[in-house]
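First, one chain by itself: the form predicted alone, in structure tokens.
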């Protein structure tokens, strides 16, 4: 007598990712070769990600974005001499009409850096202290056009939205730059073709906006937040 085998017709197994799904095409941009090597080692073996190129400067990142048309550009902000990550982000998002998503990966989390990167068109902003799984999740989110922020960055953005501080005008930035060079009020006035009284007025506004009350304090905050021209 024939007997049916208990496992002759097994049910469907666990669902697997579709093998036809295209991986996220990624370009790395960092001016440190060791950092790029570490990222390539981490991401090159990650499921659903394909590292298609590396850049060590902002100009090279812009060129590769045009040549390779990746889904995501993983962008550092400080890239040594030449074009920085913010300007590279601005050019990449403009040239690709938003088709290439820029995900910032940096050690810097100042208000100025965050604001400049987001205004330049960055899809996300992560710190290098993030765990590998968080970075992978952010890369996939960026490829889909979704914004991802590191927790400290999100906190700073929310704090700034709750208590916005007026930004510096172009003239105030010019004066701040002269201040950082150690110029006196008289020298600043001569350099910028202003009266000393006007320089003093601008300095008072700069102090209020930066939350300081001395020239040294203004320069220190400006360096910390990279406000100098």
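Positions refer to the first chain, counted from 1. Please read all numbers here as calculations on a predicted model, not as lab measurements.
We do not show the form predicted in complex with the DNA, though everything after this point is about it.
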property: Among the candidates 40, 32, 160, 171, the residue which, in the predicted bound form, approaches the DNA to within 4.5 Å (heavy atoms); result: 171
property: Contact label in the predicted bound form: residue 45 to the DNA, heavy atom within 4.5 Å; result: no
property: The DNA contact at residue 50 in the predicted bound form, heavy atom, 4.5 Å; result: no
property: Non-hydrogen atom contact residue 56 with the DNA in the predicted bound form at 4.5 angstroms; result: no
property: Non-hydrogen atom contact residue 178 with the DNA in the predicted bound form at 4.5 angstroms; result: no
property: Triple contact flag 195, 205 and 215 to the DNA in the predicted bound form, non-hydrogen atom at 4.5 angstroms; result: yes
property: Residues in 45-73 close to the DNA in the predicted bound form, defined by a heavy atom within 4.5 Å, in order; result: none
